[in-house]
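The chain below stands alone and is given in structure tokens; this is the form predicted alone.
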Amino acid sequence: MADDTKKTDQPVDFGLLNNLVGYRLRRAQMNFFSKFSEVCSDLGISPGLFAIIAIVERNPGLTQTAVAQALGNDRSAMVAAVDKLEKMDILERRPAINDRRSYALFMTTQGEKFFLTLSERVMEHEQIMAARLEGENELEWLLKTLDTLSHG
């Protein structure tokens, strides 16, 4: 499969695609994720893993299912992601208090320290990307608009 992010020798007419919000959002997301990888790949963290860590950091004790639902992730993919974060000593599973068949997620002491470093990198990345916008008002508008579009 060809890498469509490489420059071509001749200009490409994107036609209808340039008028599709979904396509433009996908391209923006691909760009953000690519830059995120440059900033965090040495730590072994993808945008998806970062999202899980961020949710657990703010909501200790949520079950894996609740975290998956909050992020719109598949529950089966969540198990592998949590396995990885557990092996990295970032998160730990504990039996859920209200349902012994489920596991609640918590940050480890190492995970809390790791999250501080990781958050600094991510916020620096976000600031660089947001600097492309025309001021704080445009950033607020964009975040509000994306929030509107992300709710079905």
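We number the residues from 1 along the sequence you see. Only a predicted model underlies this, so the values are computations on that prediction, with no experimental measurement involved.
Unshown form predicted in complex with a further copy of the same chain; subsequent notes refer to it.
Legend entry - Residue (of Thr109, Thr117, Ser41, Asn98) lying close to a further copy of the same chain in the predicted complex, criterion heavy atoms within 4.5 Å: The option sitting close enough to the partner is Asn98.
Legend entry - Heavy atom within 4.5 Å of a further copy of the same chain in the predicted complex - the one residue of Arg27, Lys113, Arg94, Lys84 that qualifies: Flagged contact: Arg27.
Inset, instruction - Would you please decide whether Tyr103 lies within 4.5 angstroms of a further copy of the same chain in the predicted complex, comparing each non-hydrogen atom pair? - result: Contact check for Tyr103: no, nothing within 4.5 Å of a further copy of the same chain in the predicted complex.
Legend entry - Residue contact check: Glu126 to a further copy of the same chain in the predicted complex, 4.5 Å heavy atom: Yes, Glu126 is a contact residue.
Inset, instruction - Considering only heavy atoms, tell me if Ala77 and a further copy of the same chain come within 4.5 Å of each other in the predicted complex. - result: Heavy-atom contact with a further copy of the same chain at 4.5 Å: absent for Ala77.
Inset, instruction - Indicate whether Ser37 is a 4.5 Å heavy atom neighbour of a further copy of the same chain in the predicted complex. - result: Result no; Ser37 lies far from a further copy of the same chain in the predicted complex.
Inset, instruction - Could you list the residues in 12 to 35 that come within 4.5 Å of a further copy of the same chain in the predicted complex, counting only heavy atoms and keeping sequence order? - result: The stretch 12 to 35, when checked against a further copy of the same chain in the predicted complex, contributes Val12, Asp13, Phe14, Gly15, Leu16, Leu17, Asn18, Asn19, Leu20, Val21, Gly22, Tyr23, Arg24, Leu25, Arg26, Arg27, Ala28, Gln29, Met30, Asn31, Phe32, Lys35 at the 4.5 Å heavy-atom cut-off.
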